[in-house]
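One chain comes next, on its own, written out as structure tokens in the form predicted alone.
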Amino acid sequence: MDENALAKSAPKEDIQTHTDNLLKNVNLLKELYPNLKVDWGLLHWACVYHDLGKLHFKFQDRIKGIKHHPGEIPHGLLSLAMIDHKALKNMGYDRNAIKLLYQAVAYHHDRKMPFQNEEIEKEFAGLYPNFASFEYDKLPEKLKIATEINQRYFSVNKRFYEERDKDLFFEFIMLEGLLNRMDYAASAGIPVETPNDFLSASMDELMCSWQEVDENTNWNDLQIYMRNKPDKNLIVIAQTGMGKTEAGLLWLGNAKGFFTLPLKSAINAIYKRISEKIVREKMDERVGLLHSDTYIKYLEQGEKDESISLDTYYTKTRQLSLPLTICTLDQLFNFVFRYRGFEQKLATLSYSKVIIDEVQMYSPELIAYLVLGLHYITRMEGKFAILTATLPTLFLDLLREQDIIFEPAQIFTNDIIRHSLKVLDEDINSKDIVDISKQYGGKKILVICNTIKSALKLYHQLAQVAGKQQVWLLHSHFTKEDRSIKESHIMEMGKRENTQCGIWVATQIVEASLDIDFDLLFTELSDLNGLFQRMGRCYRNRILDMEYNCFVFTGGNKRCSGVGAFIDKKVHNCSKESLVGIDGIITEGQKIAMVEELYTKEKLSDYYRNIKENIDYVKSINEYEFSKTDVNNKFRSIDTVSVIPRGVYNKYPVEINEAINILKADYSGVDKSEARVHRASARRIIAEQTVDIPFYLAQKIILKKIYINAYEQLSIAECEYNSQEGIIKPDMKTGGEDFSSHSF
């Protein structure tokens, strides 16, 4: 251990050892992905040089706890003093390559740089005392400390930009991004990548297990198509129940992959399904789960398997080192803002395959980020596959306008007639639901409303008629604990073989996240996409055996709930027009054709323009203008906020306050892993009693804050709550607004 050249203090490690670990990861990455478009030699030198600035006496004093010197220059900038540009030229590197190296080293911890070259150069002298005794066999011979920075290669804040520097900008992304991947992996003591050497075999085993039940089972046309096109960007539209998840995994094969879904509940369900049915061992080395509650979910996994090191599993997941990661869009696509430090995510995606499910559920804002993200990913030679039950036609136009290359969209349906649709041009109401369902005897009935307000109203009306024991309610404003219980119940009842009768009243949260199969569907019209998604929860994979099994209420002279609030008026009205004349059997092909015809940029020009404006806005932002925190806040504005309803807080004051005290406790001297488990357990207790509400609605209700520390706080919403109805009329700041009519 070179005590005068420490790279980090906990645990202690010198610069030489740390750099050696980076170089081991370079070799590992090169072995796994030899054809990456990065100059491996330049990456080697970037690793060798990146931390030499830590030799500065101020850094060594700080890391040893001797003294904190104010105005310390970031070590990446000080490392520039060691880069031997003449030696690099002799190796054959041209001016641009050397510029790339300088910038990658300087900005490997990307911060705002208020310094001029002169200010950095003044500090170079502080490197001498520890440099004199520094020995490292990877350095070039006769290494010297420069007195000034050669401005041919580096000046503060003169960086690579996409519009001006074209290909150099993308070369920088690869070099900087991979340097950071190596650095963070070495610091965490994990391999930068774990090879995917299992998924193809796991899929074969899955098929074998099915064939043990039915020897005639085989992959269907969709799955064979995906498996046979592993190197193409694909778009497939397939009806529900055709095995899109398996198709996506067959396309992925033994490549590195990311599986994105719009809802955390859907992600958790896919993760559970993969762990139970497909990848049955070594999940902590193979499959990651990435959303805002990852560690809490891993705690549950750790309780089932004590051999799992939660810290290592979590770190590998956060660093994108696992072969397959299931995640929300915001965890992956925030790089489109090109925030400071975005390079490592895009560099990783350059050798990855991204599966995108349920495109139709994204808002115009998120569709803009998705399209722009795919532009960058394909520009960097990453691959994507979009799997969806319905696809807006204008989405394809947006992809083409961004010069994204993909195979012609393929449609996969079968000839099974599953649905017969009755259009009712009136407001959704309990009388019709009761009268119609009586005609079909005792059945499993699913009612889907656009808003919580509408769902609550119907729930109470139907409970009066059928009795509270036969009617249940599900929407997004239940605590996580209650929602989990309700989801388990509806999924159990929604199994085809389950003969229980009753009525579930829900909102659109059941459209994509739950694998359920009901006998009758009654729904408000949101839009065509939403309607066909909802119909997928009825007769999921069964042959129609009744006159009608789906009933859509289009509002009559009234507007369906949620229209104008979070459902686009124009899309809704056009959807309503599309249903004129529909009465009876509706095939899968008809559904896809109707969506194709409606969701065009000509018919929905304002909706399309909204997406385009969002794309243009993000593109207009200068590279490195935002920090990652800025970007996370931007995504937060379209994300949710967790609150504890006052009624819940009053019910569990002891449990919640004990958890708060655990989070507030001082863990100095306590093992970091142990402390993290304590904190995560406390967070889970609190999280179970929280309700996620949209950020924009959280701004409008009265919240009391309980401060835990400088970074964490609990929000208590002033409202009642019960497990049958969820949140009840929270106090609004402005008054007059109906909270539940803006939520689902």
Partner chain sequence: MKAIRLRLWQDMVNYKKPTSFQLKETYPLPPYSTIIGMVHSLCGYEEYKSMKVSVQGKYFSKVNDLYTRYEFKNAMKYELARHQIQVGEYGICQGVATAELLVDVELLIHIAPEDQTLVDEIYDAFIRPREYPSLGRREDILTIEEVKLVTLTETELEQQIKSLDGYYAYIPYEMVRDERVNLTNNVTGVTYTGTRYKLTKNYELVNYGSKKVPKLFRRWNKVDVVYASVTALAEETFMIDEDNFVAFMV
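Residue numbers count along the first chain shown, from 1. What you see is a predicted model; the values in this text were computed from it and never measured.
Not pictured, yet referred to below: the form predicted together with the partner chain.
- Partner proximity in the model of the complex, defined as non-hydrogen atoms within 4.5 angstroms of the partner chain, places exactly one of 93-101, 662-670, 293-301, 468-476 at the interface: 93-101.
- Site annotation in the model of the complex: the residue of E602, E306, E135, E118 reaching within 4.5 Å of the partner chain with a heavy atom is E118.
- Between the options H375, R159, K576, K444, the residue in contact with the partner chain in the model of the complex by a heavy atom within 4.5 angstroms is R159.
- Using a 4.5 Å cutoff between non-hydrogen atoms, K144 does not count as a contact of the partner chain in the model of the complex.
- Although the partner is absent here, R152 is a contact residue: one of its heavy atoms lies within 4.5 angstroms of the partner chain in the model of the complex.
- Although the partner is absent from this view, K628 stays clear of the partner chain in the model of the complex, with no non-hydrogen atom inside 4.5 angstroms.
- Remark: E487 does not count among the residues lining the partner chain in the model of the complex, judged by a heavy atom distance of 4.5 Å or less.
- In the model of the complex, no residue of 354-373 lies within 4.5 Å of the partner chain by any heavy atom.
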